[in-house]
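One chain follows as C-alpha cells, the form predicted alone.
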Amino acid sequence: MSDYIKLDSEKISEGVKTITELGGHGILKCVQCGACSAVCPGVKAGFPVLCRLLIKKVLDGQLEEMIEESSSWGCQACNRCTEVCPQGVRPQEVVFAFRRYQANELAFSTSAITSQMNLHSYGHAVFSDARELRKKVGLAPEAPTSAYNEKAQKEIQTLLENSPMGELGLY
C-alpha cells in the first residue's frame, strides 16, 4: 500500500467550495506555516486534525474521507489560531465550517457526543465547575460565560436544537 495521496482536482475543488460556502472563506490563503497548530490547545490535547492539518487535508481533496474525524470537535473556539495566522486564513472559521459540513451530513464521531451535550448544557464543549477554585484565588466565583448565563444558554440550546444536530435526538 502506498503512502502517497493521489490528488484529484475535482475533489479538491468540491472540498474548497464546500468549506468556503460554510464559512471557511480564508482556506485558500493558507501556506501551511503551522503557526495556528503551534498555539492550538486542541492540537496540544491530542486532536491532531485541527487547523493546519485539517486545512491541508481539505486542500488535498480529502474532505469526504475525513467526515467522521473527531478532532474538529476538540476546537475550543479560543481563536488563538486566528490571532497568530500571518495570512489571514482565520483557521477557526475553517474548523467550524468543517463542523457544519459534518453536522449537515449527520456524521460525526461518537466521541463528539459528550462535547455536544456539554455545549447544549453549558455553552462550552468542555466544562468544569471552577467556582470553588476561583473563590480560592480571589476571583468572582462565576466567570462571565454562558455557563452561568441562563439567557445565553437558552440561545445556544435553541440554535443547536434547530440545527441538523438537533435531528440526531441528542438533546
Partner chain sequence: MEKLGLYLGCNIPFKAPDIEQSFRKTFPVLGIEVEDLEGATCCPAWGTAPSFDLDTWCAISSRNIILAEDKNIDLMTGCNSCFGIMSEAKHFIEDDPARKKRVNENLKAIDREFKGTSNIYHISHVLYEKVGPEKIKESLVYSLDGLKAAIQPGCHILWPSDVYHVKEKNSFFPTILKELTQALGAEVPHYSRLEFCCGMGGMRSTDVEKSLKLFTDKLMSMKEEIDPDMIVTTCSSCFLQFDMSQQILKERGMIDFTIPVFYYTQVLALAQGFDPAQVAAISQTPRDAVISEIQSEKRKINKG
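In this text, rigid core is short for the largest set of C-alphas that superpose within 1.5 Å between two forms. Numbering follows the first chain given and starts at 1. Because the structure is a prediction, the values reported are computed rather than measured.
Quick note: we don't show the form predicted in complex with the partner chain, though the next part is all about it.
Colleague: Note which of C33, I67, L28, L133 lies within 4.5 Å of the partner chain in the model of the complex, where distance is taken over heavy atoms; exactly one does.
Modeller: The option sitting close enough to the partner is L133.
Colleague: Could you tell me if I12 has a non-hydrogen atom within 4.5 Å of the partner chain in the model of the complex?
Modeller: I12: no, not in contact with the partner chain in the model of the complex.
Colleague: Does any heavy atom of L119 come within 4.5 Å of a heavy atom of the partner chain in the model of the complex?
Modeller: Judged by the heavy-atom cut-off of 4.5 Å, L119 is in contact with the partner chain in the model of the complex.
Colleague: With heavy atoms only and a cut-off of 4.5 Å, decide whether K44 touches the partner chain in the model of the complex.
Modeller: Yes, K44 is a contact residue.
Colleague: Does the partner chain get within 4.5 angstroms of any non-hydrogen atom of N79 in the model of the complex?
Modeller: Contact check for N79: yes, within 4.5 Å of the partner chain in the model of the complex.
Colleague: Could you list the residues in 133-166 that come within 4.5 Å of the partner chain in the model of the complex, counting only heavy atoms and keeping sequence order?
Modeller: The stretch 133-166, when checked against the partner chain in the model of the complex, contributes L133, R134, K136, V137, G138, L139, A143, P144, T145, S146, A147, Y148, N149, K151, A152, E155, I156, T158, L159, L160, N162, S163, P164, M165 at the 4.5 Å heavy-atom cut-off.
Colleague: Is it true that P144 shifts between this form and the one not shown by 2 Å or more at the Cα, once the core is aligned?
Modeller: Comparing the forms between this form and the one not shown, which are aligned on their rigid core, P144 does shift its C-alpha by 2 Å or more.
Colleague: Once the core is superposed between this form and the one not shown, does R134 show a C-alpha displacement of at least 2 Å?
Modeller: It does shift by 2 Å or more.
Colleague: So, superposing on the core, is the move of Q153 at the CA at least 2 angstroms between this form and the one not shown?
Modeller: Yes, Q153 moves 2 Å or more.
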